[in-house]
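Before any questions on how it binds or moves, here is one chain, the form predicted alone, in structure tokens.
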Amino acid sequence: MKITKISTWRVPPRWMFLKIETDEGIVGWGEPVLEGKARTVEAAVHELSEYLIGQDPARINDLWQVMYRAGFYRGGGILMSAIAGIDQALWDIKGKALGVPVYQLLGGLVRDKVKTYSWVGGDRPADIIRDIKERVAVGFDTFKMNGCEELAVIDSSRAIDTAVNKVAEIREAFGNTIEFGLDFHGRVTAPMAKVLIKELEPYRPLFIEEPVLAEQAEHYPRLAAQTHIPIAAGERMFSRFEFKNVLAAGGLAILQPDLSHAGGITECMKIAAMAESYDVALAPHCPLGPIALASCLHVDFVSWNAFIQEQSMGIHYNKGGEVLDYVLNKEDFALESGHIKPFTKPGLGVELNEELIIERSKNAPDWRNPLWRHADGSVAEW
């Protein structure tokens, strides 16, 4: 079998789909995207295609190493996202060629279902409480929300109280009938993270995500030493070489690699194994579309330390497109009490509406995250 063509489509709300075609008629799908940089990743995909056209798609490991090592410069969000989507599509082809789901090629199941959590949004506690009630009604009991709005390098007690009071109201409304993680989203500096984490401890969040930016990872063990709340991070780390350093330094209880940013299934399987050797849990990051979610789930199905999966059905970012809009076999993504069962179809197990993808790609927005500023006019982390 030989690769004959690679096509990409940017689609609403902020995703990009990739299709690899072969001379035997088997096609594979991937989702290479870095939110807000889709056009840049698309260019990288097509630059990498010269290494792939005419090659045997079954040689996934070799093709991965070629894409990563053939260029003198490597790593980073753009290149690793491009590699990730291509890698997903190669695994999809291999599974379809052999007639088995990808998780079977990775050694087989370690669990019968994967627990997921739901995002809830809104800046006022009433909004979040309403959203949680709606999702509890359909079977979810675990959630994630933004832990705070933007904070200054050193901020006021009022800003801390605003964030903490929101969490207090949620815990008061639901007690321990639900669990929730708090995403600091890299909005908080190390000095303020210390204060905020201390004040949140009585409300026992499931985890705190990105208490500081990944480039400030030296603070993870310091923050972990002061709290019993598990600390999670990883969505802005793009290879096992970055995760190697944070695992060796300690501090993280949960790794969150993104299957569309961190080199795809091939790389994230290695990251998952590294995490397990450090007794660190796995919870892949996935605020993206159906191919990214399916890729995450295949890794979850075979990784003993995977404990929960993010999914973006109904997330506030999905303006103009929902996770299952492009999926023909929606029933395979059915959530039962917040869990997804293993796919049975070969490859990644996602059957896509290519006609709809092409049509919607004609008006795909160039999504950008908001640009926030502090009261003094300086740029704030979003």
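Numbers for residues come from their place in the sequence shown, where the first is 1. Since this is a predicted model, take the numbers as computed values, not measurements.
Not on display, but discussed next: the form predicted together with a small molecule.
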Q: Tell me, out of R135, H185, K94, R111, which residue has a non-hydrogen atom within 4.5 angstroms of the small molecule in the predicted bound form.
A: H185
Q) Out of D325, E351, E354, E35, which one falls within 4.5 Å of the small molecule in the predicted bound form, going by heavy atoms? A) E35
Q. Looking at 244-252, 216-224, 198-206, 279-287, which one sits within 4.5 Å of the small molecule in the predicted bound form if you count heavy atoms only?
A. 279-287
Q) Should E310 be counted as a contact of the small molecule in the predicted bound form, where contact means heavy atoms within 4.5 Å? A) yes
Q) Is D300 close to the small molecule in the predicted bound form, meaning a heavy atom pair under 4.5 Å apart or at it? A) no
Q: Verify the contact flag for K144: yes if a non-hydrogen atom of it lies within 4.5 Å of a non-hydrogen atom of the small molecule in the predicted bound form, no if not.
A: yes
**Q.** Heavy atom of W119 within 4.5 Å of the small molecule in the predicted bound form
**A.** yes
Q.
So, a 4.5 angstroms cut-off on heavy atom distances: do all three of K19, W64 and E267 pass it with respect to the small molecule in the predicted bound form?
A. no
